[in-house]
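Consider the single chain below, provided in structure tokens and representing the form predicted alone.
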Amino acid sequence: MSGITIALSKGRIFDETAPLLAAAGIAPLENPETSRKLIIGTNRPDVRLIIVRASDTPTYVQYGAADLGIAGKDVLLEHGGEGLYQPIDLQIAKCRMMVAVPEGFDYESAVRKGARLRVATKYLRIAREHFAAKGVHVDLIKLYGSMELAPLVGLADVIVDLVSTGNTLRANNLRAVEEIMPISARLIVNQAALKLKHALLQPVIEAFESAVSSHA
């Protein structure tokens, strides 16, 4: 296809990307929350959107199935970001990557005493690097959802997960004890497409950039 394909995930990233797309003169013809289609046309015949799982976005862009994509920093760090150009922090879908523990668990003392911690997370790379930098020995347990359950049933001592409001932690008697890093969504670009489709992609990238800086 000679036009542009943009990979997006449903939910918060799609919702918060809509104004950026509008700034680039792109309007989806259907709402992915209500449509069952995975490829959605836009008001521009040369631009289409593909709806993918958030964790798959960098893979679609890396291999050229999409020219552009929008992915959280958490997803990019786990993926490794190979073959991707990341020109803009879009300042959307903001949250924090945190270490959280059950109420009553003395995390500071456990770290100080060199205890081996069992950590439940889907962010293995981020968790591994964080605890290695602190010199803490960990056993990583990969989960795909409901991290908060793991400490409650004795599967893990601590969790590493994204936190936006902290309400889910509080509802499950957990508390955040350490911020690993702030997270937001980035624009990612296939490096080959940037060369081959420069005339098409550059105006979109610049429109996103000016939309972000006007809200800064």
Ligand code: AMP
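Predicted, not measured: the structure shown is a model, and the values here were computed from it. Throughout, we count residues from 1 along the sequence that is shown.
One more form of this protein exists, namely the form predicted together with this ligand; it is left out here, but the text below deals with it.
Look at 76 to 84, 109 to 117, 132 to 140, 91 to 99: in the model of the complex, residues with non-hydrogen atoms within 4.5 angstroms of this ligand sit in 91 to 99. The contact residue chosen from Asn43, Asn173, Asn31, Asn167 relative to this ligand in the model of the complex is Asn167, the criterion being a non-hydrogen atom within 4.5 angstroms. None of Val163, Ala156, Ile50, Ile26 but one reaches within 4.5 angstroms of this ligand in the model of the complex through a heavy atom, and that residue is Val163. Interface residue remark: Lys10 is not counted as part of the site for this ligand in the model of the complex, having no heavy atom within 4.5 Å. Put simply, Glu178 is far from this ligand in the model of the complex: not one heavy atom of it is within 4.5 Å.
Under a 4.5 angstroms non-hydrogen atom cutoff, this ligand in the model of the complex lacks Asp56 among its neighbouring residues.
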